[in-house]
Every structure is written in C-alpha cells, then in structure tokens.
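In structure tokens, one chain follows: the form predicted alone.
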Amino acid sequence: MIKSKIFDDLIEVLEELDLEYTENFSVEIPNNVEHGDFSSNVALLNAKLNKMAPRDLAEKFVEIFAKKRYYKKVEIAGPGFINFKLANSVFHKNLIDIVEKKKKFAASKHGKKQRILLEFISANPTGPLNVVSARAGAFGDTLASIMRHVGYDVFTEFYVNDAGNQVDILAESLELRYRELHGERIDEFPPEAYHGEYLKDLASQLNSAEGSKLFHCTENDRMEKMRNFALKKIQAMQYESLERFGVHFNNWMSERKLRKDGILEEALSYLAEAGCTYEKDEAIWFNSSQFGDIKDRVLIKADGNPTYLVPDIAYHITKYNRAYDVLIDVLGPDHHGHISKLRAAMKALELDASKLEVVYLQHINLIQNGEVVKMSKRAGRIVTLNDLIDEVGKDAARYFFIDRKPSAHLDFDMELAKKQSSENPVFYCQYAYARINSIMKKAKKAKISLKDFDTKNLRKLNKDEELRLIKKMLELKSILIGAAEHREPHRLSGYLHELAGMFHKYYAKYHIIDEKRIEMTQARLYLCSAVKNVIGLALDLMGISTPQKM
C-alpha cells in the first residue's frame, strides 16, 4: 500500500539517477511523529555503492520528491535518513480501500500459495486437553488464519498418538477403575497409572455399556476393548473441547493407522537400506550422529518394541510424501531434542531437512489469586481446556495465549482474564468494537447515515489523531506478513491492542456525532466504520468474537 508505493518511488528515483543500488533498504513508520509519516534509510545503504556521502545522495532524493504531488514534505534527518510527510488525500484514499474491502482488507499474495503443513497440539489421547494444549491450539489456529490471509496454502493436522506404551497404561488404568465399580478394592493405584477423575467417568460409561461381560473375555481381548473404548471416548472429548475453543483441523492423523498400514516397517526398511542402522546390545540403532544429531538413537529396543522415534520418523515421511513446501511442527518446551533426531533421519533418507521447521511454545503458569496452580496429568491434578473456558471464557483464553511470543514463558492471570475493565486486554479490544456499534446506533437515531456520503468530504479528517488512526490501520498488512513469516501471532494481538487504544483516546477527545455538522459527522462515522472493520478482522483472525454490545 503506502509503504510499497514509497518503496517503488525510491527505486524509480535510483534508476532515474542511473545509480547502482540494493533493494535491502527499508521504509518504516518512525517512532517520533515529528519525523514524518514514513522514513527510509535508502541513502545510507546506497551511498557507498555510488561513492557519495549519504546526505549528498539524500539531497538528490529530496529534490526529485519535491516535485511529486503525493508528498507534502520530504526532509533529510541525521546522517542521511529521508523523512516523508504525505498529503492528507493519500490517507483518505486508502481509508476508502479499508472500508470497501471489508474482511479482505490487508489480504495479499505474499505467500505465493506456498503449501504449508502445520501440525499442532497432537496431545496424547490419554486424558482431557489441558492448558498446554490450549496454548498450542490458540497459537496454531491463529497462525493458520494469518498465513491464509496473506497467501499461503495452509493445511492443519493433529497427530493422534493412539498407540504405544502410554495407551497400554491408559487401558490398564481404566481396567482398575472398572474393577472398582464391580466391588474390587484397589488399595493403591500404580504411580505410572493415570489418576484423573475422568477415568472414573469412563469406567462408569464402560460399565453401563458392557456390564460385567468384559470379565468373561480373555485378558488380551479385554485390554483391547479397554483401549478402543478409552481412545474413542477421549478423542471425542478432545474434539468437543476444541470445538468449544474454536479450533479446527483439516485432518487427524492416527499413529495406530500408520502401524496398521505398515508405515513403521517401511521407515525402518528405508533407514536400513540407506545403511544407517546397526545392532548393539540386542537393540537396533540409528547412527543419527552421522547426520548432525548429538548422539545415536535406539529405534528398536531389546524387547522388540519400537521407541517413540520410529513412528515419528514414519509420520514425517508421510508428510514429505504429500509434497508440502514447508512442514511446521508446534511443540512444547520438553521437546527441544526432537528436531535434531528428526532432521538427522530426513537427511539419512535424503529428504530436504530444511523443509522441517519447529516452533517451541514455552511453559505456562496458571496464576489464581496470586498463586501458581500446580498441575500433574498423571496425578490427576490438571486444569483442562474445558475448565479454563468455563472459568474465563473462550475469547479471553485465546487472546492471553496468543498475546505472548512463543519463546516466552506465559503467566496466565485468571483473575485478570475475567475482569470487565480496560485492564483486561481482550475486553479493551472488544469494547472498542462494541463502542463503534453503539456510535452507529446513535447516528441512526439521529437520522445520520453514510448512504449519501460523498467521500470528497473525507478531507475534513485532518486532525493528527485521525490521520494516525488511518496510518495505523494501514500497518495491518505488514503486521500480518511479519506474523506469518516469523510464526509470531502475538504481533497481531499487540497491534490490535494499540489500535483499540488509539480509538478509545480519539473517542474521548472528539465528538463523533454533531447534528449541526453533518458532513464532519459523516466523515468521522466513515473513519469509525473503517476502525470497526480492522478490529473485527483482527479479532476474526484470532478466533475471538466481535460483540455487538458490552
């Protein structure tokens, strides 16, 4: 938009002056409003290439830009920065674009339809989703929405770890609760078992469906029924929680299916054929240290069972087979050794390891009444996603999880998340949206509308606060591109909070509706409708509701 226009004009001047140049210069909004609307380091970066002093080169730019109507003032600052003050009409023209494009505003083709496979949450189906999964859900879902808006082709996936040791432990834990229902006294649950209350509920459901029939099965059959029942119910529970949280996936990939389809054996065969495995201590090893890992890894244990690395490798082979351009895994902080193993396997199989990217989400502390809530999934002390939604609501939960950089620890203040005041950032942003709705209703009662509004009257929007609001809205495109490229959705939440704050201050300083100044009122209503559109778009991308009133 405006930034790209200035950038193109600078390139045009460089070519007009027949100068050598690099396109690595920037066009940015300066922190100090006295430095103009935009600033560029074009002269600083290109002066040396042309054996000139930066200020001398900057003067040539100023001389040419002074003749362009688009620019109100162009000045040199410091060692050679060029500051641009644009004509108000430039902002007014772009304001029309914001209103007319509605939800398509700030959309772009930046991603060039690059195919992205984004995997996130992928929690073991051994219990309800907890707050760790909630952060991953809010992060991954918002990142997918942002990337799609700026031109990426994003496919989201949940990998279901529905096989292996943790599933066996789940079935054994359920059997113990089932036996309790039939009068057997269980003095002490094994420490490795799952202790959550949800297992008692599952046992009760199982008992209602089967009664005592399972006691007449063979042990293998009984445990298989236990596994299948627990997995089906828990996956349904997780799916329902994600629906409540507004998180949806294009696909759910099952580890059990990978095993059934023989994908694990294929993965082992590929590594063996590539000469990347060896036997030691009755186990089969992967010589991953030869491919950048810190040490070799066990693939098949001495008891003949695969380690968790084997299905991970097999699953990622299926990702490569689906011809995506980039594979993004969103993982928790306890998986930091994960990427070196997987990349080593991909290199060993002569797959492009650079396609594989991992985003780590740091630890979460739930804070309630000033105290950290202690959690342990195995011990049954967990705050589930459903608990969190019930306590603070979907919108606050999503905003708080999105609002921190993924690499930063998150202290989630549950009391703050429930506050209906400007201290609560999601309330603050939603209130700006609802406030504009209220303004529009008041205008309607006063019989003032935008139906007959002549956009030429946007010239009445000449206050600094009005022009800054427009400029801030026009930043959204670059904010979304940056958030997509760097996998940082928190850039959007931070931007939204700033925009909402600017609008609240504008509303407090100026009267929007003045029945004696209809054209001014209409111009300000038009500005308000643009702000509402941008706030609504940002909230939509974050999966947060847009309340009509608050």
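Computed from a predicted structure; not experimentally measured. Residues carry their position along the shown sequence, with the first being 1.
What comes next is about the form predicted together with the RNA, which does not appear here.
This chain is drawn without the RNA; in the predicted complex, the residue among C217, I294, I96, L450 with a heavy atom within 4.5 Å of it is I294. For the candidate set Y324, Y431, F189, F229, a heavy atom within 4.5 Å of the RNA in the predicted complex is found for exactly one residue, namely Y431. Proximity of H490 to the RNA in the predicted complex: non-hydrogen atoms within 4.5 Å are present. Within this chain, E423 lines the site of the RNA in the predicted complex, having a heavy atom no more than 4.5 Å away. The RNA is not drawn, but in the predicted complex it has no heavy atom within 4.5 Å of F65.
Of the heavy atoms in F427, some are within 4.5 Å of the RNA in the predicted complex. Of the candidate stretches 175-183, 401-409, 209-217, 137-145, only 401-409 has residues whose heavy atoms lie within 4.5 Å of the RNA in the predicted complex. Proximity of K104, Q235 and S354 to the RNA in the predicted complex is absent: no residue of the three has a non-hydrogen atom within 4.5 angstroms. Shown without its partner, the chain has N24, S26 in segment 9-26 as residues with a non-hydrogen atom within 4.5 angstroms of the RNA in the predicted complex.
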